[in-house]
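Taking the form predicted on its own, here's one chain by itself in structure tokens.
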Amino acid sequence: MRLFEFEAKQLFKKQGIPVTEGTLCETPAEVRNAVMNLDGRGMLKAQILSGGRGKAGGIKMAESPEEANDLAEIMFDSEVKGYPVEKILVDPVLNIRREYYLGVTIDRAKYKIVLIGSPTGGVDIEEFARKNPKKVFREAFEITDDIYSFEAYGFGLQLNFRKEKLKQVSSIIQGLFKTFKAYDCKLAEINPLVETEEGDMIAADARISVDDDALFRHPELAEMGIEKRHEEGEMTPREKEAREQGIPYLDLDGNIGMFPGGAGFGIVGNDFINYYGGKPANFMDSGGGPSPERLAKMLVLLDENPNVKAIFGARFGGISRCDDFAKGVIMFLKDHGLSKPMVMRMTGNNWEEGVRLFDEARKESPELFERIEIHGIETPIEDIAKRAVELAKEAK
């Protein structure tokens, strides 16, 4: 679960890491006043749960309160990397001498905590690390380890810090490591760690991802207003709608809507679609024994998704019944209508009854079934996946 920058900085500050003292704003007027209080200049930073804000237009420098107001109006009325801007953090403008990178994460292969640092930080750190791997330093620790002063000093030396700066940086390294462990983080990152012309070391940005399975151990986060949210990024409107309806749903970047029967079958279906050259537009789980009403709502999410060009439906009836699956699809067709081509297959528990319900509904209202192809056990699931990919390509 990723935190907003202003939330991450609150946690950093608790561990003694120097951070920029910003003001969180929700209106252009508040942004204007915040910049006025900073002697007329300020950095406007959109608070979204995604990296790369600077290149996407999510970070702007205002040279006056009036300019800050104008920039804020534009930012609040726009999206950054697909996410609406609801809050802006106004930070002071720093006189930057140099930028560094510091991070702590988990090496999942070796089951160790890894401290990562580089004498070069900023927006292109990933590209820099790829081209200059020898200038990215790593130190591994056991999961149960703490970091000692001499270890932090040694790591600071690798980043070319000396004398009084080394003491400042070692304290920040220890604070970052303590933050990571104190809140069961998956990632704690400072990028950039700024050395100012005045000689200060400051965390100009902050990123924290907390293991949401460990949130029950940290009621203090809830007291700070940090609530459970989407795993890595802010929820899309469809994901929010699905959550309100109790439907496990995740938007992906493809164009084939996935209407599965259970999470396991959904994963298999996504693999089939990828194998045959398609790209799923979502992951979805109907849950055990879903009601027809729930199934109908699932289809509405897919049919109203502008990215979806075709829908792939598959039900293997076990706990869930194929006749309920058929009732849900028929309910959707009658109440909403299908605007995208759809191919589906069902087999297993009560599949014959499901077929009978479809045949009966088609005789009553044949126009509702013009864009849907329905198959039973006689058709391999691979053929259904191939057909879904074909339909999506034809719809382009």
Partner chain sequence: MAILVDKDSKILVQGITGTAGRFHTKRMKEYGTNIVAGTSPGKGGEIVEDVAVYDTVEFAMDSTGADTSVIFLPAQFVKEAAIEAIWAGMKLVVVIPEHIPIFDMMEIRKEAKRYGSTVIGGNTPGIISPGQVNLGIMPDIAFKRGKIGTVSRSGSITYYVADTLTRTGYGETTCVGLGGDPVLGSTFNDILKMFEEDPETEAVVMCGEIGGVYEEIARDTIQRMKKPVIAMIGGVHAPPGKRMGHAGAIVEGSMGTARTKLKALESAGAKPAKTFLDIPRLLKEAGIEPVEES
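Residue numbers count along the first chain shown, from 1. If you superpose the two forms and keep the largest set of C-alpha atoms that fall within 1.5 Å, you have the rigid core. Since the structure is predicted, the reported quantities are computational estimates derived from the model, not experimental observations.
There is another form of the same protein, the form predicted in complex with its partner chain; it is not shown, and what comes next is about it.
Heavy atoms within 4.5 Å of its partner chain in the predicted complex are found in one stretch of 141-149, 237-245, 219-227, 90-98, which is 141-149. For residue 283, a non-hydrogen atom is located within 4.5 Å of its partner chain in the predicted complex, even though that partner is not displayed. Among residues of the shown chain, residue 129 is one whose heavy atoms approach its partner chain to within 4.5 Å in the predicted complex. Although the partner is absent from this view, residue 54 stays clear of its partner chain in the predicted complex, with no non-hydrogen atom inside 4.5 angstroms. Its partner chain is not shown here, and in the predicted complex it never comes within 4.5 Å of any heavy atom of residue 119. Candidate site formed by 6, 202 and 306: none of these residues places a non-hydrogen atom within 4.5 angstroms of its partner chain in the predicted complex. Along 95-118, a non-hydrogen atom within 4.5 Å of its partner chain in the predicted complex is carried by 101, 105, 106, 107, 108, 109, 111, 112, 113, 114, 116, in order along the sequence. Here residue 385 counts as shifted, since its C-alpha moves by at least 2 Å between this form and the one not shown after the core is aligned.
Once the cores line up, the CA of residue 77 ends up less than 2 angstroms apart between this form and the one not shown. Once the rigid core is used as the reference frame, the Cα position of residue 350 differs between this form and the one not shown by 2 Å or more.
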